[in-house]
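Okay, here we've got a single chain as structure tokens, the form predicted alone, with questions on binding and movement later.
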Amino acid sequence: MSAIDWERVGAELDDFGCAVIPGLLTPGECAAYLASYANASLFRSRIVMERHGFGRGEYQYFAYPLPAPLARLRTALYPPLAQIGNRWQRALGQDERFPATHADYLARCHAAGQLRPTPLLLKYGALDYNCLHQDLYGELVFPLQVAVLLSRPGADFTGGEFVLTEQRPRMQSRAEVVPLEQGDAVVFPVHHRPVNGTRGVYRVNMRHGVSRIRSGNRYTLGVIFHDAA
């Protein structure tokens, strides 16, 4: 974690609305997460996306206590992202500030009735996809989240690109396609970000999704920092 260039990550989030952390997880760590999908005891719920109009595919939310590697990852990623989030809050003129540790932020979530863990594993097969959406689970929303590709593009699956869109005031939507290799993580906004414009700082609305899987199976680890109501 100490090798991550957080200054670069923050600058790319400011400029493009996303940033890639290459090799956040090793192939062995990816394989362990992928294998855990079959262990129902690790999860609190399973969602079949087509039943809800979310797309095609499925995902499972982890239960507390989280697996130790996931808990460590979530705890370690939070502090530098909180610094970026607080900078964005100042730019947007918002009073709320995020505490320095994830434990303190979770205490805030739980006091507000947001008690259910939100880290998840997503599984896509051929022709599956994820509609553009935002991961909002309650009144408290941490502004950034992380998705880690667990499968090998070109070997385990084809297609299935990670896609972001942003809607600036009085402009058409802009799309960003983010190439990822196995173990790479993409950091991106949950719902909006500040963007400098001709009339000051704008609040730009963001959505994310996954394009159609052409073949094979694609697994992703999602790390969301606020818990759900």
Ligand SMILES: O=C(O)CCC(=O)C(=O)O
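The numbering used is simple: start at 1 and walk along the sequence shown. These numbers come from a predicted model, not from an experiment.
There is another form of this protein, the form predicted in complex with this ligand, and it is not shown here; the text below is about that form.
- Of the candidate stretches 123-131, 108-116, 78-86, 94-102, only 123-131 has residues whose heavy atoms lie within 4.5 Å of this ligand in the predicted bound form.
- Contact with this ligand in the predicted bound form, judged by any heavy atom within 4.5 Å, is made by just one of Val210, Leu24, Leu13, Met206: Val210.
- Contact check for Ala147: a non-hydrogen atom falls within 4.5 Å of this ligand in the predicted bound form.
- In the predicted bound form, this ligand sits within 4.5 Å of a heavy atom of Phe162.
- Heavy atoms of Asp156 never reach within 4.5 Å of this ligand in the predicted bound form, leaving it off the interface.
- If you take 196-229 and check each residue for a heavy atom within 4.5 Å of this ligand in the predicted bound form, you get His208, Val210, Arg218, Thr220, Gly222, Ile224, in sequence order.
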